[in-house]
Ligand code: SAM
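Presented below, as structure tokens, is a lone chain in the form predicted alone.
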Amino acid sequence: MDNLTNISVIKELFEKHGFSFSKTLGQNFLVNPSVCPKIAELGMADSEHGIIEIGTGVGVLTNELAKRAKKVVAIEIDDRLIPILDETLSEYDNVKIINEDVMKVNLHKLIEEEFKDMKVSVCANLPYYITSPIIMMLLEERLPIDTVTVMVQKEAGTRLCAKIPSRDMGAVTVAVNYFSEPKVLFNVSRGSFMPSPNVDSCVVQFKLRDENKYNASDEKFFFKVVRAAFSQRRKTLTNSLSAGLSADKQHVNSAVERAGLALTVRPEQLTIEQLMRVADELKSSI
């Protein structure tokens, strides 16, 4: 169905199906006609790819993906949108809608059953309130996917794709870089949505690493250390780790020194390799 970025068309659909926006689900639907074609083009939607979409809205991005991709499986949590999608996507026979919470879907099983012999990528306009949990779930699950291309709050995108090391980096920056190569593709103004949010957005892409460049000896403990390190961003690494891990300061100091670092170093000054060395030393001493 065309004209899904036309506000009059959207309002008619909402009135017809008795739909209203949900603040709880963080619903902001795209009405800028140039954005979704660009996401689809850059998000690997082509004749060789199957696409998993997370959060459909009225199907604006879904339409663009379906025009290009071999198959689209869209996961939408809001059951009130299903009858709208039945109407707006009726012309496509390569689209399947799953009315579920993506955090509860077995994506390994979904990919195996729905995308046999296809390359797979993810595209989504993510709700701001659950951006990081969804991205980390997609990466940590080590799914057989090529890329994850998502719309996020601009501030979140800056943090996700920050350079390492840099003052802009955080725990999520380390985690994303551990599993993928992240980059900002383009910015999207707040006026591109209905209703208009209070912040601008950007589209970011994570290219999954073919072979993990980083290989922590204990990933669970490594990420625990990373979260602790950035829990008090402007403090020294030793102070942050001591507080975040509830660890003896002397043991933390010794571990940091054995990792070859000064006790005055701050988390934002470290590479992933250095953080892994700190984690290894801490594990042996606390």
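One-based numbering along the sequence shown. All figures in this text were calculated on a predicted structure; none of them were measured in a lab.
The protein also exists as the form predicted in complex with the ligand; that form is not presented, and the subsequent description refers to it.
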Item to complete: May I ask you to state whether Y129 is within 4.5 Å of the ligand in the predicted complex, using heavy atom distances?
Response: yes
Practice prompt. Spell out, yes or no, whether the shortest heavy atom distance between D86 and the ligand in the predicted complex is within 4.5 Å.
Written response: no
Worksheet item: With the partner left out of view, is F29 within 4.5 angstroms of the ligand in the predicted complex by any non-hydrogen atom?
Response: yes
Discussion item. Please tell me whether any heavy atom belonging to G55 falls inside 4.5 Å of a heavy atom of the ligand, as the geometry stands in the predicted complex.
Written reply: yes
Worksheet item: Which of E112, E141, D101, D93 has a heavy atom within 4.5 Å of the ligand in the predicted complex?
Response: D101
Discussion item. I need to confirm a contact call. Of V256, A40, A228, V60, which residue comes within 4.5 Å of the ligand in the predicted complex, counting heavy atoms only?
Written reply: V60
Item to complete: Could you tell me which of 119-127, 180-188, 205-213, 163-171 sits within 4.5 Å of the ligand in the predicted complex, going by non-hydrogen atoms?
Response: 119-127
Worksheet, complete the sentence: Across 76-101, the residues having a non-hydrogen atom within 4.5 Å of the ligand in the predicted complex turn out to be E76, I77, D78, L81, E100, D101
